[in-house]
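Below you'll find only one chain, the form predicted alone, shown as structure tokens.
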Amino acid sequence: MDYEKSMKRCIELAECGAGNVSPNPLVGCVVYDRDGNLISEGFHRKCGENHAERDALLKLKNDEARGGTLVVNLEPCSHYGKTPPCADLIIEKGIARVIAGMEDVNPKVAGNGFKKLENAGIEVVSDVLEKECRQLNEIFIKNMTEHKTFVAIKTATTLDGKIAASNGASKWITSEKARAHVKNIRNCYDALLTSSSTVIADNPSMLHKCNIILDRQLKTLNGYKIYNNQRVIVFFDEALPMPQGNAEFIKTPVRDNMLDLEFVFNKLYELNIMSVLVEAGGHLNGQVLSYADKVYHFIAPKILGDNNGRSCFDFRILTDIAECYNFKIDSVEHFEPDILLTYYPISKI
């Protein structure tokens, strides 16, 4: 059996749950009978519903899986949560071999699922495509190991790094294909975060289940489309009185003449917002860089050539190249005529 090919299929299945499983991990599963024939597939569809292994195994009748092989990108759980332990069901179904992508970082599992399976006489093979499996669940891993919200930035620029002309004109830098993919990226995150400056300049709808606005002086309270969304959280200067409205308002300390981002991201984790995608102007993008876990950078084959045009990361003045933030480019994707660079800060790789 080609373990890597099967694991790639698990990852594909797992991705079908993107945007719906938080705070749980993305998990896919395939099951083969004793002769190596594929007999079932499953994935975790939504938090609170069946895990991938249970989804796949419960589709089978009688002893179809007995003596077979189960492949899953994450160690099967061994504890009772919103659903019973997947390890118990695997044992009950008579699976002979389990192929896993990685050990679960959840301390409630963390190797206990493997031990339970091995104690029942099941062969366990782990760390198949581990790097890919860890990247698939990078949000879950940060949540579990650091107890912090995963922070990503999305920006779209010209070849010379501009997000708008000097007068603020920015529609459209990238193509419809690229903008369509942005919707897929947004769907992977619990919330979108932007600044009051972006709300005032662009009046974006930013359709999402949760939108966050950093609005120190409460300039955006009236007439902006973003407030029509299902849930809106506004961080504002703690020195101001509490405003009225349908949004959730959070008083926030001010540091260096701006809202304290450390406070903001810590508060998001307290609110069970496990991941956030920042879509803002160059100043906030730049301030967020020191907290960012990932950057999605769309680049259009255009040169603005406007010395006063607005840059995607424009937040400080330096005289030493050694003070640059350093990143590793993970992937380059084409959305003709544009490209998407996905990169990670080197210190967090």
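All residue numbers refer to positions in the sequence shown, first residue = 1. Being a predicted model, the structure only gives us computed values, none of them experimental.
Below, we turn to the form predicted together with a small molecule, even though it does not appear here.
Although the partner is absent here, Lys82 sits close enough that one of its heavy atoms falls within 4.5 Å of the small molecule in the predicted complex. Although the partner is absent here, Phe140 sits close enough that one of its heavy atoms falls within 4.5 Å of the small molecule in the predicted complex. Mapping the unseen interface onto this chain, Ile95 falls outside it, with no heavy atom inside 4.5 Å of the small molecule in the predicted complex. Ala52 belongs to the set of residues with a heavy atom inside 4.5 Å of the small molecule in the predicted complex. Contact with the small molecule in the predicted complex, defined as a heavy atom within 4.5 Å, is made by none of Thr157, His297 and Asp314. Cys77 is the sole member of Leu214, Ala100, Cys133, Cys77 with a non-hydrogen atom lying within 4.5 angstroms of the small molecule in the predicted complex. The partner is absent here; in the predicted complex, the one residue of Thr252, Asn106, Thr198, Asn112 having a heavy atom within 4.5 Å of the small molecule is Asn106.
Heavy atoms within 4.5 Å of the small molecule in the predicted complex belong, among the stretches 316-324, 276-284, 25-33, 300-308, to residues of 25-33.
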